[in-house]
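A single chain comes next, written as structure tokens; it is the form predicted on its own.
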């Protein structure tokens, strides 16, 4: 066997999850690792998700703040965003889909990169387009997920945009239909509206962000409507017709007008964005070769090991535990530490060797006109889990929020376990509340009592003063 085909650790998938798993597995050692990637090293987050989406969202946030700030609003007036400049800034973050800097980072960290499609072919072996790689210690699956496109008559033939097109748009459609009401749908609607598109959201259910607190769903819907969005709830997309559909490339309008039949009515748009969920990218990675089911989420224990296969790990979105980049990177750190400890013959006795944060302690921020920042359980989830809960909720109306912008509107809510007097969940909705959620995350993970939180004094004048208002709402 060629020694270049043997590594201590093989990682299939070169996104931030795979990069972290490989890095942690070999850190401070002479172990070797290789990343196998069939697209771009840096993965979905770097080129098609987190980075481009947030770069598209930020200019609209800044403009919205400016329009509600005396002394600045007079300069801005009703001027729209400079679309060309916004897209150019997006390109600066995605490097125009050039991953050379990510490859250089991997190599500088001692991680090899092999281009091609990796498939598990047997115990500790991975086939990459005919080349066999062998792992001494571990194989890590970090292949993530891909967008799902429903089998609605005519929809797939219409060549709709998926999230990759929406984040890498090069043309702004005048009229857009967004199918879905989740995170991708709401964030896409936000930046498309800010770039001047007419947006219609087609939502099967009764609310946006169905997994969030109801008040968050309502506030986001109101904010999007205030900015011009049309939102159709309980909407049944029956069929799609687009005679002039063309594959013009990612982020370009895919042909002529599309006609969508919704509840017996016809909606005509220039582009369709499908944001109807994601599926694991596991249909062609060789799971069946080791007795697992192709195309499914890969079950793991809290060491991120696949049960019954002590050499195989699945980390990030592909295991279905918490489909968020920061949670995937968290799992990857655990995975890498576990692999390193086992390779060194060390016990897995420390807390850092078990992934527990994705058990009802997951933080998340959704970036719409009003940020939605949350951690842990919602009220419904806590009650369904049998927790005896107390709800503390207040509008965000403190000195810091009024100073931030004139029309500040927001709400905060804590979910308290009465039995332990600790937080099991928190949600904040409003401009700039993303920075509040980490304090809540520390409180949830650390099981900090509300008595102790009285002594965590928020700085004045900041939006975080809402913590004091929440505590005061239950003061005897």
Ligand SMILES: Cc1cc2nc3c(=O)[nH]c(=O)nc-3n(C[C@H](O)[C@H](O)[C@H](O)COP(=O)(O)OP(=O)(O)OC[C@H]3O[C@@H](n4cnc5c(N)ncnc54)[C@H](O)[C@@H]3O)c2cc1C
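Model, not experiment: these values are computed from the prediction. Numbering follows the first chain given and starts at 1.
Quick note: we don't show the form predicted together with the ligand, though the next part is all about it.
- None of 432 to 440, 408 to 416, 48 to 56, 445 to 453 except one has non-hydrogen atoms within 4.5 angstroms of the ligand in the model of the complex; the exception is 48 to 56.
- Think of it this way: in the model of the complex, the ligand has a heavy atom of just one of 216, 272, 355, 184 within 4.5 Å, and the residue is 184.
- Residue-level contacts in the model of the complex: of 323, 378, 125, 300, one residue has a heavy atom within 4.5 Å of the ligand, and it is 323.
- The closest non-hydrogen atom of residue 142 lies within 4.5 Å of the ligand in the model of the complex.
- Within this chain, residue 242 is remote from the site of the ligand in the model of the complex, having no heavy atom within 4.5 Å.
- The ligand in the model of the complex is not approached by residue 26, whose heavy atoms all lie more than 4.5 angstroms from it.
- Although the partner is absent here, residue 175 is not a contact residue: none of its heavy atoms lies within 4.5 angstroms of the ligand in the model of the complex.
- In the model of the complex, 315, 316, 317 are the residues of 304 to 321 with at least one heavy atom within 4.5 Å of the ligand, listed from first to last.
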